[in-house]
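A single chain comes next, written as structure tokens; it is the form predicted on its own.
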């Protein structure tokens, strides 16, 4: 779908785009194909798309013979999509708030992939919700603000390393990212955009119950970035359990959260999961 087609549909339907919903439609065909390539779509695969807009990426995914489920919150766009894709047997359209839907109706996403230009206002929580699902997708390719992508792929001991980095790393490895110029969108966003691809680990690093401990650990450790980790964790775990874990990992008694590597957080979560609270 080219830019003039997008503008024509918006004008015909008298649709004024809403900034609060992050409605910046990607129209550059090269970038759309690049996203679909990164998503590694295979014929017949189940693909989840959130925030299809008027469907430029939707069309590309269907052209690659995906079984596509698209979730759109804006009724005006849903009505347009129903017409645009009415003859597509592999297309399912849901009119709902994607984040609320994911929370309310958790599903088994084991064999699914996410391919989406996510609404920037809710992109981060959508990725985290999918990642922490008991059965997360096998691959997630998403366009977001560049600053969010930087946080996702951030190395430890940096200002961008934090809760989002670690929650996604618990289940996924970032394997690719690239920037998308603002001129590829209509209207042009005020922020820089990037596409990132996350691939689920072949085997889980944590059991589902250990993951719950890991999430609590990470959120508490970063609740006050400048504070020593062990003082923060005493709100949740007994001093003797923390002392044993500290010795096991050979961590500095004065360490702060951003100086703890992802692998150390995983080991720490496993140790504390076995400890009485």
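A quick note: this is a predicted structure, and the numbers were derived from the prediction, not measured. Residue numbers count along the first chain shown, from 1.
Just so you know, the form predicted together with ligand SAM exists too; it's not on screen, but the next bit is about it.
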Exactly one stretch in 202-210, 146-154, 114-122, 130-138 has heavy atoms within 4.5 Å of ligand SAM in the model of the complex; which is it?
-> 114-122
Has each of 23, 77 and 96 got a heavy atom lying within 4.5 angstroms of ligand SAM in the model of the complex?
-> yes
Would residue 167 count as a contact of ligand SAM in the model of the complex, using a 4.5 angstroms cut-off between non-hydrogen atoms?
-> no
Partner proximity in the model of the complex: residue 163 to ligand SAM, non-hydrogen atom cutoff 4.5 Å = no
Does residue 71 make contact with ligand SAM in the model of the complex, using a 4.5 Å heavy atom cut-off?
-> yes
Going through 22-56 from first to last, which residues have a non-hydrogen atom within 4.5 Å of ligand SAM in the model of the complex?
-> 22, 23, 24, 25, 26, 49, 50, 51, 52, 53, 56
